[in-house]
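Presented below, as structure tokens, is a lone chain in the form predicted alone.
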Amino acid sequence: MSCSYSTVRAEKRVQKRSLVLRLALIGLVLFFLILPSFLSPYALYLMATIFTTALLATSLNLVLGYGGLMHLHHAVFYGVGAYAVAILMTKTALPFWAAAIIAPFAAALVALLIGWFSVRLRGLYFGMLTLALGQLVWAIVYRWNALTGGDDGIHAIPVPEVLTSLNASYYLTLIVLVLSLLVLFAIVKSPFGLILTAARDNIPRTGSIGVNVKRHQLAAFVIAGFFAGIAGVLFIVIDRSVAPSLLYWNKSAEVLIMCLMGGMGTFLGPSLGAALLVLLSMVVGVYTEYWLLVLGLILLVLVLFLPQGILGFVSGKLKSASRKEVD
């Protein structure tokens, strides 16, 4: 009887916390909707950049945090999405919205090609192959001057007049981020997402119950590439230019650091890490050109004292407190 009563109390606490979390998220979205009225143009640009980077980091977390795949060159799909829009807008007569729809599928196609070879390997070998193939794509973009502009990139990319203001860029990136996060969250909580997490924890056991692990990992890889391509489209809306540096390995390293900083395997952790890293680069960079040294010290502290990331640490503390209440 007491056990049943404790279970009911625990369920009620879980429901209450879930309701509080949902209300907090709704309140956060409403806050971001009215925020532009109080921000300067530079702050609006900064927030739009954070939203775009948060989507990129969350897409990586699908394969890194939930899939357990050591993906070391995720930014290549970000760059492919951005370049697809840039090339279609400057080399063809397609309207922007058509180019914006095609670009994520172009990124997903590249993800399919890279993933097809990479999922046959595991661990560090998987990561090194994604890094090598990603750098191959970067080399093609860097050298194909006639199509991509080579080292100069592509500038003055036309976008619809409705998107030329910073307010419009802010709201577009916010809306796309929220919708993308909802879709990604549904994927993570779906049977597909649960199988992906199970494969992360134990591949042999997951395969022994008849699950095609490689197929699920490849599907996750392609989905992550698709959403990284969407982030690439948003980058074009904000900056209206593109360069090969978007596809270089150091950009992927930054995205990986965002996941580690915020909490790999927690859903909102990468978004938090993206916000912190972008703010660090902008704020600390004003005072010193050695902001990467500051970032390195912060990462050292995180690795030593918060290996699960900021949100992972907070989530662990909340779960521990919840277990104590049940006991």
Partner chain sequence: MDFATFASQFLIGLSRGMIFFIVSAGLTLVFGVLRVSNFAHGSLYMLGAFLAYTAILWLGQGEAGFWLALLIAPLAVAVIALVIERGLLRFIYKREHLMQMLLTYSLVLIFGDLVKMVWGSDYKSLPVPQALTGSFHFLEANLPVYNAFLLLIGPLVALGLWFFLFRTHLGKLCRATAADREMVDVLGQNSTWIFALVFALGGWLAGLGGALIAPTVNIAMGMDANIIIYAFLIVVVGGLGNVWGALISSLIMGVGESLGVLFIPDFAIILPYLIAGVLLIIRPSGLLRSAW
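Bear in mind the structure is a predicted one, so any value in this text is a computation, not a measurement. Residue numbers count along the first chain shown, from 1.
Separately, the form predicted together with the partner chain exists; it is not shown, and the next lines address it.
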Note: exactly one of L246, I238, L181, L131 sits with a heavy atom within 4.5 Å of the partner chain in the predicted bound form, namely L131
If we test each of L39, L299, L28, L279 for a heavy atom within 4.5 Å of the partner chain in the predicted bound form, the one that passes is L299
> Could you tell me if W291 has a non-hydrogen atom within 4.5 Å of the partner chain in the predicted bound form?
Replying inline: yes
Check: Is T206 close enough to the partner chain in the predicted bound form to count, meaning some heavy atom within 4.5 Å?
Finding: no
Does any heavy atom of L109 come within 4.5 Å of a heavy atom of the partner chain in the predicted bound form? no
Would A198 count as a contact of the partner chain in the predicted bound form, using a 4.5 angstroms cut-off between non-hydrogen atoms? no
Per contact check vs the partner chain in the predicted bound form (non-hydrogen atom within 4.5 angstroms), the hit among 42-50, 267-275, 29-37, 65-73 is 65-73
Near the partner chain in the predicted bound form, with a heavy atom at 4.5 Å or closer, the residues from 233-271 are Y248, W249, N250, A253, L256, I257, L260, M264
